[in-house]
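Given as structure tokens, the chain that follows is alone and in the form predicted alone.
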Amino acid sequence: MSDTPAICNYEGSSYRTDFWEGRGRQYEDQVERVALRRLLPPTGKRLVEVGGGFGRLTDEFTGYQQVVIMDYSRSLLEEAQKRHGTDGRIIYVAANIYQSPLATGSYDAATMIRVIHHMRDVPAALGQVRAALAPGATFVLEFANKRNFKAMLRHLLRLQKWSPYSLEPVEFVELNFDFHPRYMAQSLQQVGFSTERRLAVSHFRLGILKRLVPMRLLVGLDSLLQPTGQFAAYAPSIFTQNIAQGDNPPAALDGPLFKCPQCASTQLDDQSDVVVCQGCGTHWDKRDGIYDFREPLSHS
């Protein structure tokens, strides 16, 4: 798996406490929930939260019979476990999105929020999500917007070298990218999604505004402005609702959750502490209720 693109690894990080909890980001959390509720069907069978981390948004998916939280960081998944429990409805999976363990056509919804900006190969990552979804499934994608008001102003004042109007992604820090909305629309279409709705989110992401203006008012104003993303996507964060295209009958949504990242077989022997692929003999770790498909334990 060493030939896949680099991964932004949050293993062992204090992302939850360093970035979210007690860090003045209640506004961002609330407006993202507003957008998510607008775009995601409230009920369904199986949802995968790609890059779900410590499970910040997982409580939004109570209408789904099964929820898979997939993230590269096992330590963040352990925090998600503590947050949401181990009753079996929520399944925790450590995996590399470029070598996805998600069974083909076995999910009817997916989300990827605050994740794609770490992806060097966007079409490859989106293609893996599309493969996991049944035709007609909903995929809610959030991405960092290159063409935002602040970037346009900085470009006008010649305070930044890159143009917010060019289509190519800009890597402003290693493995941190901003994307032009048209580039993302083209990438989604390329792998088999049709974008139905687009929301502009987090218009008031300024420290001084969040300190001086009541959060409830900021959230209400942002909620009113979000639909402008359909024709004027200039906020720093863009949420899109995308429908998986295709006429082939999907795999049964009560079929296998996973496939082997090595050989794509869904014939997996799920034991108490290991998952064994019956197709190629690869052993995958399973400890404390977390499936780990990042690197195989062994091969037969």
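Bear in mind the structure is a predicted one, so any value in this text is a computation, not a measurement. Don't overthink the numbering: it's just position in the shown sequence, from 1.
We do not show the form predicted together with a small molecule, though everything after this point is about it.
Although the partner is absent from this view, residue 297 stays clear of the small molecule in the predicted bound form, with no non-hydrogen atom inside 4.5 angstroms. Using a 4.5 angstroms threshold between heavy atoms, residue 259 stays clear of the small molecule in the predicted bound form.
Contact between residue 71 and the small molecule in the predicted bound form is found at the 4.5 Å heavy atom cutoff. Proximity of residue 187 to the small molecule in the predicted bound form falls outside the 4.5 Å heavy atom cutoff. Exactly one listed residue, out of 96, 128, 138, 104, brings a non-hydrogen atom to within 4.5 Å of the small molecule in the predicted bound form: 96.
The listed set 199, 132, 119, 80 contains one residue whose heavy atoms approach the small molecule in the predicted bound form to within 4.5 Å, identified as 119.
Picking from 260 to 268, 33 to 41, 51 to 59, 229 to 237 the stretch near the small molecule in the predicted bound form, with a 4.5 Å limit on heavy atoms, gives 51 to 59.
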